[in-house]
Ligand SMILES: Nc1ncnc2c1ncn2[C@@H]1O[C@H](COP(=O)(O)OP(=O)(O)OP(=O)(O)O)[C@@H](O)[C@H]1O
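First, one chain by itself in structure tokens, the form predicted alone.
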Amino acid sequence: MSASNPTSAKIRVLIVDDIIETRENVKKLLYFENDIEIIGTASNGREGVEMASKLQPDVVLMDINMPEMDGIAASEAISAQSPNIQVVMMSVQGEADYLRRSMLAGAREFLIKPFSGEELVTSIHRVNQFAAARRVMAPPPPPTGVAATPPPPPPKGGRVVAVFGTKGGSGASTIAVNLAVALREESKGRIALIDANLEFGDIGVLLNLPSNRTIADLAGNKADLDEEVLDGTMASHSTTIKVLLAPPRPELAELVKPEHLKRILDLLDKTYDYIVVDLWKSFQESTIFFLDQADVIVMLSTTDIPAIKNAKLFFELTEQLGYPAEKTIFVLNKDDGRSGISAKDIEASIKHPIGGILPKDERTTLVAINRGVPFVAAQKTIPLSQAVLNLARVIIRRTHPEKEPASAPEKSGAARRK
């Protein structure tokens, strides 16, 4: 069950629960985890806040319903006094209201009792890895009174549009493919699409493209890589977009280094108007590279609590990285109005406006995937295609304010939920 910790130090865990049997059971579940250390237990929220302040654990496992101070209030207090402490909420209650309140209180994960040892360990590792990414990737704080300096802007040739999904199933790859086609339709420019999910990319499957040449073929001596070699490696799709596919096997991903990605992006910048990048859903080195280089980040989330929680974490990290708020367009995907969570609640939680909403249309997306033809190309007039085309217009205005998209201008992004 044990997974390796990304750092040499053990993950220090504090357990807060008013039931002694629960505290003991959690200890037993973590007993054989060599990279996790239980540093203390508390029997109520107030005691948990005091011990968190004193012990400074990496992760707090927090029950919701406790005497004196409940887990929601305790999580808020811990997040306020020690933002680097990650809170994993535990509860027998799985209702959306509890999930929403926990997320707003600063909890990073939500476990419904009874949970397995694997679920518990996975949650602890996940929140700890996110915290580690924030510490490693965040720039040093500026001197007092001096504003933080964002990363240098990318070259102003081709515009880089990075598509990032908050979790698996958010539809990021499908939207990246269709957004590339929409940008071709609206800008009438040259469009490149990069599958940057280097281990498990599926752009080739979505577009029914052969994978005989991929980005792994460019990972040799970068001095030999020029525009002609790059163009010969990229696959051509019937929509006229050019695609740089991910390696065919996961183990080949480690051949692709940041210096290769930089060389590839420099070359694409010279000949393409837009470079759409489908990113892997983690903050690994290649992901951070493309996020840094992006002119626009399209951050896709569904309307369920875990996805919204991850969106909140994403914006916390990009703030640490010094990205301006306007660099990211937050888009709700697969929306059918049935989640019970309002747009106002979502915006209040993540502290970022919703820039677009894409309607749920499972039949259309499935047919498009099976045929290898993006729905924006095959069914341009349906609501989902129109929403993606509208998103493309928003991106064009943001990256080229002096230009108008090819089609009639819209007043705003994709339709907003009332």
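On a predicted model such as this, the values are computed, not experimentally measured, just so you know. We number the residues from 1 along the sequence you see.
Heads up, the form predicted in complex with this ligand isn't pictured, but that's what we're talking about next.
Participant: Partner absent here, but in the predicted bound form, which of 285-293, 84-92, 331-339, 312-320 has residues with a heavy atom within 4.5 Å of this ligand?
Facilitator: Only one stretch qualifies here: 331-339.
Participant: In the predicted bound form, is there a heavy atom of this ligand that lies within 4.5 Å of any heavy atom of residue 359, even though the partner is absent here?
Facilitator: Residue 359: contacts this ligand in the predicted bound form.
Participant: Taking heavy atoms and a 4.5 Å cut-off, does residue 123 contact this ligand in the predicted bound form?
Facilitator: No, residue 123 sits far enough from this ligand in the predicted bound form that none of its heavy atoms falls within 4.5 Å.
Participant: Residue 263 versus this ligand, in the predicted bound form: is there a non-hydrogen atom within 4.5 Å?
Facilitator: No, residue 263 is distant from the partner.
Participant: Against this ligand in the predicted bound form, would residue 168 count as a contact residue? Criterion: heavy atoms within 4.5 Å.
Facilitator: Output for residue 168 is yes: heavy atoms within 4.5 Å of this ligand.
Participant: Work out which of 173, 211, 79, 187 lies within 4.5 Å of this ligand in the predicted bound form, going by heavy atoms.
Facilitator: Only one listed residue qualifies here, and that residue is 173.
Participant: Within 4.5 Å, heavy atoms only, which of 369, 51, 29, 377 is in contact with this ligand in the predicted bound form?
Facilitator: Only one option qualifies, and that one is 369.
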